[in-house]
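Same protein, same chain, two forms; see structure 1 and structure 2 below, as structure tokens.
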Structure 1
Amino acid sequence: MSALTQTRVAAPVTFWKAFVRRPEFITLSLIVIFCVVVGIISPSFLSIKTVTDTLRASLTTGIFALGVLLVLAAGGIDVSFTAIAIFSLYATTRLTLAVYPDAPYLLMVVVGLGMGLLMGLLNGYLVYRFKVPSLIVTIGTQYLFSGFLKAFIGSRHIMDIPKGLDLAGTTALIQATTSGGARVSVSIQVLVLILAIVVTWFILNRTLMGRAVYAVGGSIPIAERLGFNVSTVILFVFGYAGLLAGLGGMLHGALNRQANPSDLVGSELNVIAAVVLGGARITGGTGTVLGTMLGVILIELLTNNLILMGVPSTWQKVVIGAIILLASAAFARRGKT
């Protein structure tokens, strides 16, 4: 065997050995195991409809998770993103209906992004300026944003949403009919998630800011000695998380074709769990886009399909919690080897 042939053979083997040692491999393995077990119990699970349903359920969670990933990688934590999302959606919807009912979806998204960015920057400013743990700050702003929304903007459930928002939610990128006669579709909103994935990956892997995020998450004193501006990094990650929260809110409104100020409440832990299951550490300095997306898929599969395994709804959180603990233990064990 020539040296060139040996190199070509060795490259995939080396990549595979490296991948097996990464947290993403554990998450992917859990997805495969879950699909096999549920597929044996309920053969109807292994269908194109399950794929499209999981993809649809993952759209909003995926957008949120990408923002949370940057915050966790920088050593912080954010639990206010759902409040930012629903604030952006509801306030933008009310504003559009009052001023420009025929506004295109893209314009509404820009407004929602602006609101999300401002609220995210407020989080970052408070965290750095007052040296308060980010968990405490974002718990406070979560109540602040939610309370302000319901007290001063509105608490009425809006079903008659603007045409642009409605059209974005009903437009399909792909439509098909299965052999069983079921109609399946992939929303055009999947392109929004793909764009967010590409941008986030580029930031973390191809920019100086990405290196700074991991450095600050690893050790602030070391990051400062390396010349990174910690305040800029903190403002950036929380601003970016707020930006994606605003985007996720608009996507959520389009997919559900409504604006409800009480939506998304309580889903924060699922998103954070997805990022942690993807290999990010709460202590910071780690996390990848691939792992985060795998974590999102795993959480959505567990949340939406445990019932097929005969697990009562009251026990579903117990199962999800146990899986998170087992995966975290496996990550920690691999980190020591």
Structure 2
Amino acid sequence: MSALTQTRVAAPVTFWKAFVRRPEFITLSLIVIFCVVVGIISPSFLSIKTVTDTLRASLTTGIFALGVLLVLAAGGIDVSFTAIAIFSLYATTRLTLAVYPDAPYLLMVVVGLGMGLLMGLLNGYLVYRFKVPSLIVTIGTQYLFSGFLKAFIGSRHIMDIPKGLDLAGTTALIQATTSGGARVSVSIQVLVLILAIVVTWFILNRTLMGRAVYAVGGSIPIAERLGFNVSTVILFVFGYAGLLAGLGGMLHGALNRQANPSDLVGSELNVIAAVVLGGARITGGTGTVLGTMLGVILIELLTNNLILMGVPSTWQKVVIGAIILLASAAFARRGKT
């Protein structure tokens, strides 16, 4: 115990050195380089508005990414979370409109979370019960959920969403007018992301389940010998990813003020890329909340601000691809297996 306290005391001295060695440092450096370059080319980039816009764009991706992080850390992969998210949002919206149109947002979120959790648990159950790679299971469930939603629940785009959802999307936490006259606002939904970050960080770093997640991601036989119940861990990570997917879906609906059953599905690789750019290995056993958030910010900065750099829209994808490759090169050079 005393040894632990000692390292804590010594920490500030070596903090920077320790941080430079971490994979998050690469992500952070890329963000800083990107901001400096764009800032030089287009000074209007360096404004409060960029910060709030990036934050807004990162909300949904960030929540999805936290779920993906847990699954990746446990050595799995989940490509069904977008289908879960849009399923939760759309089914909840239809249910609310049919049964209780004045339902408060919180109640809707609870319903959405419940649906997400159930779908996530189904993923987890299939993975551990039938011992198949999770990529196979989640491709199957992605088709299943998204197909079920559109074939049986509805394929119509809902524009007039319930009041509760609408209000949750338009309420601002902070609102201000900058000197330039641009109105900036930070949605109340930021609190949801912060809550998700805190809870995920707590699970990964302060609970036995967090240890178990990394252990299972590192090596299943070793985790078993350490006494961890592997099936519980698998069920937990997929259930948690489903829960966050449901939450992200509700958030997506609130921010865009619509429920479109064809939304989101197809964007899962970008989220997975964000998590991997944040330093989590695709092979499992690693990954941090900080890195994941940095990865999300990097991806959102890239996809939303290249136009400011003077990159013609036709060449933007080339630049995004090049930066993804650059970041992967940086990770590959760190000598991982």
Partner chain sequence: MRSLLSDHHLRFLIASLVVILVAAAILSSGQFLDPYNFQSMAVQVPEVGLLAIAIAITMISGNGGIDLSVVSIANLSAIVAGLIVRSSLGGAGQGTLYAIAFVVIALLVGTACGLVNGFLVSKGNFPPILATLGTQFVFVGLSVALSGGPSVSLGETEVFSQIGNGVILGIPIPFVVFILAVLGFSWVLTHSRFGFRLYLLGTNAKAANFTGINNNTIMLFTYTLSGVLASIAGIIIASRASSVKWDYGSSYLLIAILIAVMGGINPSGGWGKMLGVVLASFALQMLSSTLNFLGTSNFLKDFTWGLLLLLSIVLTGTRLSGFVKPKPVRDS
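Numbering for residues begins at 1 and runs along the sequence of structure 1. Superpose the two forms; the largest set of C-alphas matching within 1.5 Å is the rigid core. Because the structure is predicted, anything quoted here is derived from the model rather than measured.
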Chain form predicted on its own, by structure number
1
Classify Ile282 as shifted (yes) or not shifted (no) between structure 1 and structure 2, where shifted means its C-alpha moves by 2 Å or more with the rigid core superposed.
no
My question is whether Val37 is one of the residues whose C-alpha shifts by 2 Å or more between structure 1 and structure 2, given a fit on the rigid core.
no
Superposing on the rigid core, I want to see if Val311 changes position between structure 1 and structure 2 - specifically a Cα shift of 2 Å or more.
yes
Between structure 1 and structure 2, C-alpha offset at Leu325 (rigid core aligned, Å):
2.9
